[in-house]
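Just one chain follows, in the form predicted on its own, and it is written as structure tokens.
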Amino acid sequence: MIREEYDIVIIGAGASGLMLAAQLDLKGAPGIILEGSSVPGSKLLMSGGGHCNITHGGSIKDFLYAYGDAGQALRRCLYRHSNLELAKWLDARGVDLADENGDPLDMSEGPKALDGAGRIFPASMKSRDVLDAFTAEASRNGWPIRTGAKVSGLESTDGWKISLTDGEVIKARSVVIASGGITYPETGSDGSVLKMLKALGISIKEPRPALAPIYVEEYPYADLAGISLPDVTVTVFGSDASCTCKGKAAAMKGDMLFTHEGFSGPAVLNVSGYAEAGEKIRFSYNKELSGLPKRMQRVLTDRARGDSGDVRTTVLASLLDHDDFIIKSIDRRGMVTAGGVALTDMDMRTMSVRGFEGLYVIGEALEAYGITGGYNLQLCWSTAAAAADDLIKAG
């Protein structure tokens, strides 16, 4: 039984859903945000270790590489709704911003304010300030948020019918999918809405965790937990025949962190979306043995010993250049999801799904994600703003 009818329904009160509501004034039309969990924006509160790395500095034209193969498809919405736009929007609503060194950004300087800023945070280093800005603006735009509203079905019949787990059915002219991916299901991102879209015939690239620690077989560095190394090249070798570059699925250079169970840090997180269990991962430390922490020197030296106990110098040199392991697993609690609604099914100018009138997909539910550094929240903003543009135009 249909109990309520709305002009627009946003499924998901995470970053992208709230960003859309913050940019779309309902002007008295009926609309609602449905959130399956009990708290809006809980994953946003967790972002950046609770500090909320909201975007990155520099020119938006330099962002495309951060999204890999999806960069060109995202180009139009990124250029139209840039990092400068997001930074100015927050600044205008009282959220002071700072660069990764904690130095304040003066947004009155325009694009110059973002030059060389690197990662950008709220000056307070509190995610709550960013979340409050989005929820306050969404409220001013007339958007109520209904928590505990778990979607169980989506049907394209005379508009859209949205079924909830409590048996209620809601009707809408337009639906915006802002439900996220599969990571951190306790925040509402459990992938269930992606399955509903797949049932409608929409192409879904199988979701998997990305920006996640990687665990390997016969991990030898548990005693080095907490140690970070700069300028390490991390390469994953794909077993898929579609992989290019002589079998290399991806390679990143940056900081790497040893944990009790495996490898983490930006360089590892950034290649994790391309890694699969059973594939090879290689670490090139780009340093002489003497340039490594002493504990690591001892581990590598022990690994290079022969049966007689002598250190084999060729083996040691090899370990420094290509320390190879077989991937055992990727941590299921990745920061973001790789996979989602195929970009080939999307009109990237409007974020609408081709062949489905009134259906939009934004944010992490898309087959697109960025490396660490604020690129994923920028993706949420840019896709949300593009959808808002089209919904405003549609009236």
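The numbering used is simple: start at 1 and walk along the sequence shown. What you are looking at is a predicted structure, and each value in this text was computed from that prediction instead of being measured.
The same protein has a further form, the form predicted together with a small molecule, not shown here; the description that follows concerns it.
When you look in the predicted bound form, the only residue of A386, A21, V9, C380 with a non-hydrogen atom within 4.5 Å of the small molecule is C380. Comment: the small molecule is not present in this chain, but in the predicted bound form one of T187, S82, N270, S174 has a heavy atom within 4.5 Å of it, namely T187.
Contact annotation for S352: none of its heavy atoms lies within 4.5 Å of the small molecule in the predicted bound form. At the 4.5 Å threshold, heavy atoms of S192 reach the small molecule in the predicted bound form.
At least one heavy atom of K150 is located within 4.5 Å of the small molecule in the predicted bound form. Although the partner is absent from this view, M335 contacts the small molecule in the predicted bound form, with a non-hydrogen atom inside 4.5 angstroms. From the list 22 to 30, 340 to 348, 322 to 330, 358 to 366, the contact stretch for the small molecule in the predicted bound form under a 4.5 Å heavy atom rule is 358 to 366.
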